[in-house]
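Only one chain is shown below, in structure tokens, and it's the form predicted on its own.
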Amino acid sequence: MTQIQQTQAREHPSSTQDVADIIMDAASAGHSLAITGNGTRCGFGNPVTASRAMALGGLDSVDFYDPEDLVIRVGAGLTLDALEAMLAAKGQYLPFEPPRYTGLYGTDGARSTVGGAVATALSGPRRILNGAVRDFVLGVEGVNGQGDIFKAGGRTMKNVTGYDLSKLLTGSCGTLAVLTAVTLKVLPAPRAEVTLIVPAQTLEEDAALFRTIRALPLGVGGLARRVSPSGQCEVLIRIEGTEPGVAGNRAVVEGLLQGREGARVVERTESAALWQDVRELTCLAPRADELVWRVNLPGTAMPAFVAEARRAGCISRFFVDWAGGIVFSTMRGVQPEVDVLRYRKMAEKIGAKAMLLRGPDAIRAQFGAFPPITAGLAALAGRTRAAFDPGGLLNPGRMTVQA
């Protein structure tokens, strides 16, 4: 049973004041609330059991857009597609390349919202060049669990005194407050883009190549290792920037690839389509009954980790993103109660974090979708949540396994 099926009613606010009124009514009546944008990522995180639901898709305003200052403030319910189209018309883009992952959850990617991107703090392959979503959230407006409206941050990077609530709320999955508007830093889109595709070698050799490329200032906005639709294992290297800059950096990278036969190059729309597949995990091709994992780990540990996990039967298929810093994988889950714990133990042994990106509600409810945290960190998170939402109304259980 999914989160939305469990709820009894769904509210559709059209303003921040509506959100505050709904939360105060819920608090008075003793109701909990499942918070979504348009519900496209309900499979992300732990299952939520709430008596009512609130969908923020109606908060889709554009409060201001200043292309010269590279800043925009929008309602949390504005779709990412609408926002990216608006930015593209001015030659700009979202630097953190937000994934939708709607292919994993069987939902409509065109309905994914900006608020969902900030609440889940997911960043795409371009993170190795530009940074993560948290680096580009300048300000937020939201409502806490007591119905209080607040604003934090502003229009510039250096507009923070005291606690930086914008960064704290990014990635909180709606468990601290309901985001109603966000102010984002945007960047000029690169004028040129090419992707070099070369046959993969061993994991150790490809990881060494990644380290070499990342150590050089080459404008590389994507480094991945995947299996292509034709079944070939290959390395992808995306180079972005100005036309002359891309041409020069491409020549340097091609020099590093000497000795690797079979290289080819795709440009512009073909390159963009390829990286969209990487961003949305299309190249992982998970079957409906498979668990999907995302493991953040030191790039140097990636080859040994993958080899051990494959020997143990914890990985069916995988691909590598962020220059080896993240491994996406599938698991058949024949004995999920054993395999989930074993896979996490392998990750913890090397200082990695294994998140269950997709799995049945029962598995995520029992073991938690997010990697375990220390007792000290859990206590700090509990105190933080109690300060924002003392009644535990907002998305109960989304980030913590409920007793």
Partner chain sequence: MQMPHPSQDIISQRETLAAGLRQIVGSEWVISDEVERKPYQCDGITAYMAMPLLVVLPASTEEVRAVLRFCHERGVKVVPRGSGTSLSGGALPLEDGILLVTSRLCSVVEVDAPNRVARVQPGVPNIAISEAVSHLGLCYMPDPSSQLISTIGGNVAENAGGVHCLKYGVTADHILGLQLVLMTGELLQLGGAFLGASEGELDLMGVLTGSEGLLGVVTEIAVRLEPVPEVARVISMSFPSVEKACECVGAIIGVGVIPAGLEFMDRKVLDAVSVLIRERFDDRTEALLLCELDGTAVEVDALVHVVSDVARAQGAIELKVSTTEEERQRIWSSRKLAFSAIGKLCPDYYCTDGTIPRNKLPEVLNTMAELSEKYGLDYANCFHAGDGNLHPIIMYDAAKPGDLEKAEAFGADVLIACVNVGGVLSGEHGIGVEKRDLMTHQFTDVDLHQQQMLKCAFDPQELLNPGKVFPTACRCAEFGRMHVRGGALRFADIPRF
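Numbering follows the first chain given and starts at 1. Computed from a predicted structure; not experimentally measured.
What comes next is about the form predicted in complex with its partner chain, which is not displayed.
Contact annotation for the candidate site: 96, 258 and 271 all lie away from its partner chain in the predicted complex (no heavy atom within 4.5 Å).
At the 4.5 Å threshold, heavy atoms of residue 276 stay clear of its partner chain in the predicted complex, well away from it. At least one heavy atom of residue 128 is located within 4.5 Å of its partner chain in the predicted complex.
Its partner chain in the predicted complex is not approached by residue 360, whose heavy atoms all lie more than 4.5 angstroms from it. Taking non-hydrogen atoms only, residue 376 approaches its partner chain to within 4.5 angstroms in the predicted complex. Contact with its partner chain in the predicted complex, defined as any heavy atom within 4.5 Å, is confined among 81-89, 237-245, 110-118, 306-314 to 237-245.
Residue in contact with its partner chain in the predicted complex (any heavy atom within 4.5 Å), chosen from 148, 204, 254, 280: 148.
Taking a 4.5 Å heavy atom cutoff to its partner chain in the predicted complex, the contacting residues in 358-372 are 370, 371.
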